[in-house]
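The chain below stands alone and is given in structure tokens; this is the form predicted on its own.
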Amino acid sequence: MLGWEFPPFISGGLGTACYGLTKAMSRLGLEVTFVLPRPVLMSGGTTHVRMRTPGDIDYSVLSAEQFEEELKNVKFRAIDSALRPYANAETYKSEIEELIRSKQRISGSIGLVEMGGDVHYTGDMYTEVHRYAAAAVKLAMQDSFDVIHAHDWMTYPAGIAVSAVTGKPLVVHVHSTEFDRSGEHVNQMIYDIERAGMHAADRVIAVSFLTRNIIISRYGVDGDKVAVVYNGVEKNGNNVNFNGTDIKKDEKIVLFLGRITMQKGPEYFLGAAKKVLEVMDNVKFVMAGSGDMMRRSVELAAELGIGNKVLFTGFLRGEDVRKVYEMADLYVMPSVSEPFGIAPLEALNHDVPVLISKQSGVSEVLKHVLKADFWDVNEIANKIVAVLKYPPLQVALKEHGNFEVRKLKWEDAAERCRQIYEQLAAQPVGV
């Protein structure tokens, strides 16, 4: 299994999905070797998960006993790489050069040049993708496995390369496409990598029928080899309290939790907030997350005259995520294009009513939630007001939604993947 994030290092829903799926596979008795980028140690801290040894992750969020029990059939293999999404060329350059200065071993030499006796890094995210692929091949030659499972576009070149040298079948898992992230203004290089991975794969897993349709129509992939495997959700833990904020006890809380980027529709959330506040005053809107539209969102809140009613928390993880769910009266996901959307499941799991866009894959499996078109700010605002003003509606959404989400289990997703693996292992290569 090839990935680029895993708890406690999470920048989005992929890390959560990889953890839930892998843990469920371990319970089924599947033996998984998970290949991850090694952390790059910076002066300001660790940008990736810390590694106890070259092959094991030191989980700050799991005890040794939990680690052994939950992931007992999972091995981790590390690749010296700064591979991660949402970073520019300068970020990669500084991180890799720090890795070099600290005399840590670098797998492969792509993007490295020697100048005046010193080694410098000339690459970017795409360089890292291919260096990750080269290193993955070396690791694969030392291991024994039946199937290759690559998560999202950054690992597709690695999956293609490993499949080519080993002859093992390749499964690519599409958690998001470039059309979801960028709309019609796609990055051609990323699109080409995605397309090559999907066409090279023996089977493509989509997280929803929405995503499956994009794969078929936009990437020209034969529908017969595209299977839909819905995500699941982890069972809720203990309730916690959220203290220390400037939120008053009688104020209602409407939550946006996700990357603050075009795909997630933050401007529609704020537009709806403006309209809600025109008819209700005792409401605070919490935007939890980070992203390239963070600054613009803060400015927009000010321009709309609601800056004092919008709280930006920055990126949250672990206990803080649980706390912010516990304080919320309603969770809103106005995504422009959402392949699936794990956050609504987490919200329902914490007894929080949910309002999602109709342009989300998770809307295929959730019936007891409110839905609106992402662009219909008036409808979003009307439904927010309805939940906040009418407690019986809120209670009904909580009870039915929580019951519904419990049927979405990672064990079911893992079992479906196992069936796909067995089908591929049973057929001749290339069929």
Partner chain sequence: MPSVCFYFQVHQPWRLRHYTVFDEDHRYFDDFKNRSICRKVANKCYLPANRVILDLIRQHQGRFKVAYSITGVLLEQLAEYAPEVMSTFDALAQTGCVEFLAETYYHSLSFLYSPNEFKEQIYKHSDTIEELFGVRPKVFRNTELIYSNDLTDTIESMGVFDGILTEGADRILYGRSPNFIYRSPRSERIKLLLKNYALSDDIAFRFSNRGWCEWPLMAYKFSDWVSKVNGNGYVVNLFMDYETFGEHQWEDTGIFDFMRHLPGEIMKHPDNNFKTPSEVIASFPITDVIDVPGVISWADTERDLSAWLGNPLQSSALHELYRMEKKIKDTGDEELIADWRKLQTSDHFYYMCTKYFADGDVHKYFNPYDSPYDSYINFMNVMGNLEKRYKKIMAPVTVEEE
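A quick note: this is a predicted structure, and the numbers were derived from the prediction, not measured. Residue numbers count along the first chain shown, from 1.
One more form of this protein should be noted, the form predicted together with the partner chain, which is absent from this view; the next part is about it.
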Does any part of residue 392 reach within 4.5 Å of the partner chain in the predicted bound form? Heavy atoms only, please. yes
Indicate whether residue 189 is a 4.5 Å heavy atom neighbour of the partner chain in the predicted bound form. no
Counting only non-hydrogen atoms and a 4.5 angstroms cut-off, does residue 165 reach the partner chain in the predicted bound form? no
Please determine whether residue 298 contacts the partner chain in the predicted bound form, using a 4.5 Å cut-off between heavy atoms. no
In the predicted bound form, do 17, 175 and 181 all put a heavy atom within 4.5 Å of the partner chain? no
Among the candidates 252, 275, 323, 130, the residue which, in the predicted bound form, approaches the partner chain to within 4.5 Å (heavy atoms): 275
The unique member of 358, 317, 75, 218 whose heavy atoms fall within 4.5 Å of the partner chain in the predicted bound form: 358
Within 4.5 Å of the partner chain in the predicted bound form: residues from 394 to 413 (heavy atom criterion): 396, 397, 400
